[in-house]
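A single chain, nothing else alongside it, follows as structure tokens in the form predicted alone.
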Amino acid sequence: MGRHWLGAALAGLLAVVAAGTAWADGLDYFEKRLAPFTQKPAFVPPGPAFDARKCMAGKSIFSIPVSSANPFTANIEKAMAAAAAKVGFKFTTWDNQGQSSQWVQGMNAAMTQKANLIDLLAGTDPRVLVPQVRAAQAAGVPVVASHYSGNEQTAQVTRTVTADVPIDYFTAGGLLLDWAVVQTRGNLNALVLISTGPLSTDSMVAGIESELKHCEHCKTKMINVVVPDWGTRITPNVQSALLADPTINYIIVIYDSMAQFVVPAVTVTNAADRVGIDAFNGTPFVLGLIQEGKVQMDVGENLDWIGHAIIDAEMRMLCGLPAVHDPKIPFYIFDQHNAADAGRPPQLSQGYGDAYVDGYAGLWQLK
């Protein structure tokens, strides 16, 4: 695939180089940041190989997702269950609709079923489950927050839970800024759509702000809309911002499901010709928006890979192996050149290659 995305941005860069300005080095920095993520992800072992079947015999993991109604978490749960089935141990998902009272019920059910490890997936907030977490830990049952926080937030998370399985949200946020800078040739004026509450938001914002320091002529304005208000507040807020400032030329969306409410605002303000959109997650319908030309880029993460990575890290905890501090979950940039690889219509976990399938099979000594 290579650095397929440079296109017009590279042409603009060459013009700047010819003019003899210093800005060429600046754009080169952002290009180099993006380049590794335009290649199909390679499998990188997060730790040494081990006999997973032997050490997991008779053990069980009980997982409580943030919400079973969320396709993102529901499909990670399916991937975790499939990975557990390959190894041959009991894996239970606690179905819920995202209410904290239901998470409490799940914690109680896990203890009743004598689970060996309790997994809190992708936003099930341990900060509202402190009594239940402490009770589990007192009984010798580790509680793990997975796909909940950034790599740099482990110390913050483990004040409440036994361990975490983080993801590099900091880098993901930085890549969104990097892309927008290249596409605007270093003259970025961006709206950044965030949603406070999850620790992942703090990590992504920190990544965006870190990269922004490398851009001399770039500026951003953040709009915060909490998850329950996405359907009612994103469109009017973005519409108002675009009308108030006609120099806005990019919209950075930290969770790509927000894009469904951003695109209408861009359309109704007739701003599609001047405003690009990039996002994070790789949700299939957003990859479809890339295919339609309504979104320019999505930093995708393979949900099946995520499920395998979480199971790997949690098995290592139960098997007494060294903890995984970085589960090596990769990102992959989708744009108009490769979005079709995800299928038409796009499918979950498609388009990333399958290096991880044999990778984990070998890592767990299943073959």
Partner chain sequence: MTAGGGVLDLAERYGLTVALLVMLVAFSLLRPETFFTWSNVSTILGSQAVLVVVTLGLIVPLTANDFDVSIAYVLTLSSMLIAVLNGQEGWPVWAAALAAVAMGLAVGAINAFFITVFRIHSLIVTLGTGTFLHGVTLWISGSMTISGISDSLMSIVIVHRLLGIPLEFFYALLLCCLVWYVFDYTALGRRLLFVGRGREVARLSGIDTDRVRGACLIVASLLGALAGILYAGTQGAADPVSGASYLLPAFAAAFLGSTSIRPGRFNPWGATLAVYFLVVGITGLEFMGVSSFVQDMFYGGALVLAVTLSQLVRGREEQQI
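Quick caveat, the model's predicted, so the values are computed rather than measured. Numbering follows the first chain given and starts at 1.
In what follows, reference is made to the form predicted together with the partner chain, a form of this protein that is not presented.
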Checklist entry - Heavy atom to heavy atom, is Phe261 within 4.5 Å of the partner chain in the predicted bound form? => result yes
Next on the checklist: I'd like to check something about Arg233: if you look in the predicted bound form, is any of its heavy atoms closer than or equal to 4.5 Å to a heavy atom of the partner chain?
Outcome noted: yes
Checklist entry - Do Ser100 and the partner chain share at least one heavy atom pair within 4.5 Å in the predicted bound form? => result no
Item to check | Contact flag, Pro228 vs the partner chain in the predicted bound form, heavy atom cut 4.5 Å | outcome: yes
Checklist outcome for this item: Exactly one listed stretch (88-96, 208-216, 236-244, 130-138) reaches within 4.5 angstroms of the partner chain in the predicted bound form by non-hydrogen atoms, and it is 236-244
Checklist outcome for this item: Note: exactly one of Pro198, Pro126, Gly186, Pro284 sits with a heavy atom within 4.5 Å of the partner chain in the predicted bound form, namely Pro284
Item to check | Residue among Gln105, Gln156, Thr269, Asn151 with a heavy atom within 4.5 Å of the partner chain in the predicted bound form | outcome: Thr269
Item to check | Members of 324-348 lying within 4.5 angstroms of the partner chain, judged by heavy atom, in the predicted bound form | outcome: Leu348
